[in-house]
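Coming up, as structure tokens: structure 1 and structure 2, two forms of one and the same protein chain.
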Structure 1
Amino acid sequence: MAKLSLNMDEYLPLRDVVFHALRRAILTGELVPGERLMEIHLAQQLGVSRTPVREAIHKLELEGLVSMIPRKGAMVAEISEHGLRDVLEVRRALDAFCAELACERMNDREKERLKEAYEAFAKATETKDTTVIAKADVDFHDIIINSTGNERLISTINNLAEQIYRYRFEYLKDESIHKGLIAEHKMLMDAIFSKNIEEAKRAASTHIDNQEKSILSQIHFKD
């Protein structure tokens, strides 16, 4: 069982604090796919009653991060090949569209921030800390996404964020791909800066293609 803890600094109801703690543990791999989620054990470990744990598990089930198995109860959802392909298929299309819009709409301040985020990501890979690297990767892509100024598009991507993060985290565990990722980020950034729409869309799609190939080579799926 993972060593779970609550961030009691969060100004949230206890049930939400528990929810965020369990979700974070699943996304970062502290709670592994297929692991049973025993309410009483989780409650004891977190120092809370079973009620907020039960509510958190239900919310995690709605997000697709927990599965309810007959006669077994709640388990961390497996990372399935079908689920991976579904999520990345959508992300590939959305990222390419974001790259296109960023070529047309990104302002000078956002370009400066993107360059800083690119450099921060490169530096983050030196830490060998997957959580730090994942945050830097999210920061880089969020600048591109937000530069589109399309609230519906931004909202759609945010709704997929947690599922995407789970796959992103698995991908970034492989240190051998970090240099390639830095190069891919630069290709995407340079294409946006030069307003080369076709090159930006291609770079965004290639980035996702390589992510899919890497994850497929790393994980034994249960499909």
Structure 2
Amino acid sequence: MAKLSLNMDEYLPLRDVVFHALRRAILTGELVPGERLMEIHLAQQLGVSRTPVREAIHKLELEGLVSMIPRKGAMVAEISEHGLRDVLEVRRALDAFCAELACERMNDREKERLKEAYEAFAKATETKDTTVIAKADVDFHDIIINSTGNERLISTINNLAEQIYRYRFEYLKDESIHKGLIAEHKMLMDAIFSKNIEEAKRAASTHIDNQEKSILSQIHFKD
């Protein structure tokens, strides 16, 4: 017999609640790179004890958003220009691979949704709202990535994407590039639809190249 599924409001361990709160704060720039993360302070601020805060910070460290020094503490991770290039180099390879797999594996339902997402992104650029644009862009790429059906590939790419989320947000603010992005999305999408693997890989690769150029021209690093 079916239990009255009163939404036993998905129970989340406090450590996960804290983790998501801190993660969001870092990705949105509320906590800036280099800022120290002190357990007691955060715990009081969030109204919990040190334990879940500690566990959340450790989780963020493994994700690469926080760097720790033993017996010294944790701080929001800074990314160097070199680190950014490294991340994007791996992403370029994996995105191209995704594009290849998508050519072979994307089903009709996903193709339909990809087309919708493509149009939604084009429309989003008209709003001039960076948050909306960023979300539409993520949606578009997520459909391609998820169509590979490879969970490990999906989580690996998502981790890499997270590393540069803060910087990607900046470059999306530049309206002059939106037109180019839409064109690149179209190239990639059409290549996938026509199962043209080489073209799809090239389109995915170019997409990251341009991202890299834009980010590097806008952000200037300390080192």
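Predicted model only: the values in this text are computed from it and were never measured. Under this definition, the rigid core comprises the largest set of C-alpha atoms superposing within 1.5 Å between the forms. Counting starts at 1 with the first residue of structure 1 and goes up one by one along its sequence.
Note: the form predicted in complex with the DNA is the second of the two, structure 2.
The hinge between the rigid parts that move between the two structures is at S80; the other choices in K128, R105, S80, L94 are more than 12 positions from any hinge.
Two rigid parts make up the chain, and between the two structures the smaller of them rotates against the larger by 19 degrees on C-alpha superposition. The Cα position of P33 changes by 5.0 Å between the two structures once both are aligned on the rigid core. Core superposition gives G47 a CA displacement of 8.7 Å between the two structures.
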